[in-house]
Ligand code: GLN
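Next up is one chain by itself, shown in structure tokens, the form predicted alone.
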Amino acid sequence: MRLRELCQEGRRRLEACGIEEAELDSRLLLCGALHMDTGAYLAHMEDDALPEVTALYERYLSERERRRPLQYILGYTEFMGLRFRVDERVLIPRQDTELLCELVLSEHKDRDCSLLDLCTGSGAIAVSLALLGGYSRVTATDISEPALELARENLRLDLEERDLKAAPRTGADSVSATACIKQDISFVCGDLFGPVREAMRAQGIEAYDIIVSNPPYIREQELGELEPEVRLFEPRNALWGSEDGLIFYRRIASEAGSYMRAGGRLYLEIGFDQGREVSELLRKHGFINVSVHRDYSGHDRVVSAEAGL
């Protein structure tokens, strides 16, 4: 059987399972089995499929048929132009979250910034901002030690290659920003701000210039309505945001100011219908210049605010 025919058969199987992007998923899974990108696959699609490729593709299709997420099957996802390993220990980074990173990068050009990422999960936000923004001191926390193990692995994996492609240069010395990142990004385990004071002392941080977070925000009653890929496979503690979805925003709004310099900026990803409530929480706790930013679909996605005096 030719690769093209194998891919077509995979599409038919995934369509029968009700998977909306069956054609794309079947092709990406086959590319994964081939260890090729899409361009290479298209150049070889009339080649005969080797038995070992067919066997691996069959395994991938079987996993996808039971609605295991494509990213977990392949073992990685793309975020901010970088590749991150993912598995069931962490929430899969979404393209929507890139808006938060883009806002931070556009509003903070100074590399001499300290940044705190709460609920870091895979480390996608923290690592992306460290690499692309070159921020000098980054702290990332999560309550899950298994998640942090993967985040640390994402920092290590192919860091030299990422440095060449993405990290900013000073021009004076090509000694890698990699070395700086290894020294100045710290992953610490604990509940939100619980481990932060100790991390600040270790990194010589008096107050953060930037705090970011994509906390769990799914309402209790909505958990059962999620797509099978999310409901059955992604970690519940990365999704559940209490009965009204706001428990973590309340805690962040009430505590964040104690860890920020006056004028520092806070960036929170939110659910599409939580902009007003999260904005009110921040104003209640002394934040000013509160703004709600919409994603490319026109939905409220990020709330940003400035720490008051």
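Residue positions are given as counts along the sequence shown, with the first one as 1. Just so it is clear, the structure is predicted and the values come from calculations on it, not from any experiment.
One more form of this protein should be noted, the form predicted in complex with the ligand, which is absent from this view; the next part is about it.
Trainee: In the model of the complex, which of the stretches 107 to 115, 224 to 232, 209 to 217, 189 to 197 has residues with heavy atoms within 4.5 Å of the ligand?
Mentor: Contact criterion met by 209 to 217 only.
Trainee: Can you tell me if Ile125 lies within 4.5 angstroms of the ligand in the model of the complex, counting non-hydrogen atoms only?
Mentor: Because a heavy atom of Ile125 falls inside 4.5 Å of the ligand in the model of the complex, the answer is yes.
Trainee: Even though the partner isn't displayed, in the model of the complex is Cys119 close enough to the ligand, meaning a heavy atom within 4.5 Å?
Mentor: So Cys119 counts as contacting the ligand.
Trainee: Using a 4.5 angstroms cut-off on non-hydrogen atoms, would Thr97 count as touching the ligand in the model of the complex?
Mentor: Yes.
Trainee: Is Leu91 near the ligand? Define near as a heavy atom within 4.5 Å, in the model of the complex.
Mentor: Because a heavy atom of Leu91 falls inside 4.5 Å of the ligand in the model of the complex, the answer is yes.
Trainee: Just one of Ala238, Leu132, Ile205, Ile73 has a heavy atom within 4.5 angstroms of the ligand in the model of the complex, so which one?
Mentor: In short, Ala238.
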